[in-house]
Ligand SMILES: C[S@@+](CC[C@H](N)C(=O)[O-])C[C@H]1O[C@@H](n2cnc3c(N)ncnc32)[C@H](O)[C@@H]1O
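Next up: a single chain in structure tokens, the form predicted alone.
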Amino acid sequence: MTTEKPFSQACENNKGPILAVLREHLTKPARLLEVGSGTGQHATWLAQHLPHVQWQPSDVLDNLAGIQLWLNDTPCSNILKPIELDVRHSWPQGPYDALFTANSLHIMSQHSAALCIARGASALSSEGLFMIYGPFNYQGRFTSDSNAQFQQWLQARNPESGIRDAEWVTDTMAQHGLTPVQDHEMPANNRLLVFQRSPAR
């Protein structure tokens, strides 16, 4: 069976703004694990423009072939072969200087999102960064009507999925030694939250 090359218009729309934020925070050579690479579009685009970052794509097994098709069409010396990663199970050997994930926490159950944060934090190096892109609520409220409609669509597909509260994410990060660095406003009612492992005292 032939795998068709996957495509997401949302990835095309947001890759430029995401790159601008990552350039601000990833200023030194780094090993980065992308959790939930999806189609592979972000991995190929961002790695090309961040040559000092060794980019490790990952996703569930069913998505790896599609990611590889993007890598085949966009050879890049600093991007590695995609690896299988289900946040509920075993994680790759760290440490990584940064973790990046886009449009993933609202797809998972809250339990899986908490596991993603906990296990991601444990895979980070000292002072490593954890960067999360997607829609978030603030004080339990939607930031737009479109996000409220998106929530209804998500929960019709899976009642355990849903837009997470930024405060819940921050509290969960704090439980694993990560503190907020910046909350970037992004297009289409999204945010890019940046956390950092607190340096050892």
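So that there is no doubt, residue numbering starts at 1 and follows the sequence shown. Computed from a predicted structure; not experimentally measured.
Form predicted together with the ligand: not shown, discussed below.
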- Can you check 170-178, 136-144, 23-31, 55-63 and let me know which stretch has heavy atoms within 4.5 Å of the ligand in the predicted bound form? 55-63
- Item | Position in contact with the ligand when the complex is considered in the predicted bound form, options Ile117, Leu99, Ile79, Ala102, heavy atoms within 4.5 Å | Ala102
- Query: Which listed residue (Ala123, Val87, Leu71, Leu129) meets the criterion of a heavy atom within 4.5 Å of the ligand in the predicted bound form?
  - Reply: Val87
- Query: Wondering, does Leu193 line up within 4.5 Å of the ligand in the predicted bound form on heavy atoms?
  - Reply: no
- Consider Gly162 of the chain shown here, and say whether it contacts the ligand in the predicted bound form, taking contact as heavy atoms within 4.5 Å. no
- Is there a heavy atom of Ile107 no more than 4.5 Å from a heavy atom of the ligand in the predicted bound form? yes
- Answer yes or no: in the predicted bound form, does the ligand come within 4.5 Å of a heavy atom in every one of Cys11, Gly38 and His42? yes
- Message: If you apply a 4.5 angstroms heavy atom cut-off, which residues in 114-134 are near the ligand in the predicted bound form?
- Response: none
